[in-house]
Structure formats: C-alpha cells, structure tokens
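As structure tokens, one chain now follows by itself in the form predicted on its own.
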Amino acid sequence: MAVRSNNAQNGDLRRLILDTARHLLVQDGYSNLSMRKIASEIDYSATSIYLYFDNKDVLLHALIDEGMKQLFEALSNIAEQHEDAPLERLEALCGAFISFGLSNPEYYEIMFQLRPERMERYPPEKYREARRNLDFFRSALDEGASQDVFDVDDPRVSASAIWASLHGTVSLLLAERVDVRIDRDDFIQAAIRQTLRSYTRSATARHP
C-alpha cells in the first residue's frame, strides 16, 4: 500500500486519484480497475474517492477530458504561431500531435487506445470540446484549399484521415514496433512528409 503523498496531505486528493487511476488503467486495464483498488494504492478509503467521482466511468471521462485539454493547448499554441501559413501550420500541427503522444503515453493510451467493453457514453458536451482538436487540422486544410495549397474534397474527412495516419505513427513508436535501425526522428519526419504530400498541390499545379 502506498504512503500518502504530499499532494494528498496538501488537500489535492483529486489530483492524486486521477494520477493513480491513469497509471493503473494503463498498467492493468479498464476491467481490472476499481475504486477500491485505487483507494488501496493511495492509502485512502474508497468513500474518499466517491466524494470526487461517482464511479470509475466518470473518473475515466475526467482523464480523457484532461488529456484532450492538454492536447488543445499544445495545438492552439502551434496554430497561433503559423496563423497565416496553412501549409506550415498543418506540418507543425502534425509534429505537435506526435510529440504530445510520445511525451504523454498514459494519457494518449486512455484517450485513443483504451477500448472498455462496457463504459458509460462519453458526455456529448465533452465530445464537442475534444473535437476542437480535430478542428485545428480541418481549419488549416480549409484555408489551404481556398489558397490553392491543398487539394481536398472535404476538409473534415481529410483531417480525420490525417489523424488516423498520425495515430498509426504514434502507436508504432509507443509499442516499439519500428525497426531499431531506423532513426526515430527520421521516421517521424518521413511520416509527416508523406501525410502532407497526400493533400498538397504541387507548385506546377498551383502556378500553371
């Protein structure tokens, strides 16, 4: 049983619960997570946890929400830096998405890889907030298409396809399924270039 941390002694029990639950979810899986197990890990009663979270689904939703907000901050900063350059913005957004996943593996797994068989539906208002992250990519594609930089039929569909490609890159790297002879940074840059190439008009096409 873990010793109570300084965070909990200082009154930040909610933070301690979230951090412990995040680690246990990734380590043991959703089906093996319980309020009692979290309580045992942090040396508190299960009743203390229920003061903050009604059940483990609410707790999981809170973790997804936290991760999505952190991703939003990262993407928002990138978008502001390339406000008038959709191609450079999209490239930087791709890099920021991959960097977030590699730097926050526990959050990333809970946000995009955890598949509980039985879990309460993610609240619609939370889903709408999370969708703002995808909108950064859609907006860059939309603006780039209007400037004849990108060739896209539906920016929202293309943005989702880009996410799928980036997700594959992050997942392979986190699972250490990339050939060890390949430099990680080279792999990331190649993945981003290939993704951009699928939607970028050639200079000749833009200036016939």
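So that the term is clear: the rigid core is the largest set of C-alpha atoms that superpose within 1.5 Å between two forms. All residue numbers refer to positions in the sequence shown, first residue = 1. Here the structure is a predicted model, which means the values were calculated and not measured.
There is also a form predicted in complex with the DNA; it is not shown, and the following applies to it.
Although the partner is absent here, L18 is not a contact residue: none of its heavy atoms lies within 4.5 angstroms of the DNA in the predicted complex.
Put simply, D43 is close to the DNA in the predicted complex: some heavy atom of it is within 4.5 Å. Contact annotation for I188: none of its heavy atoms lies within 4.5 Å of the DNA in the predicted complex. Interface membership of K69, defined by any non-hydrogen atom within 4.5 Å of the DNA in the predicted complex, is ruled out. Residues with any non-hydrogen atom within 4.5 angstroms of the DNA in the predicted complex fall in just one of 135-143, 171-179, 148-156, 32-40: 32-40. Contact annotation for 56-85: a single residue, K56, has a non-hydrogen atom within 4.5 angstroms of the DNA in the predicted complex. The rigid-core alignment places the CA of I192 less than 2 Å apart between the shown form and the other one. After superposing the rigid core, the C-alpha of D28 moves by 2 Å or more between the shown form and the other one. Annotation: Cα of S146 displaced by less than 2 Å between the shown form and the other one, core superposition.
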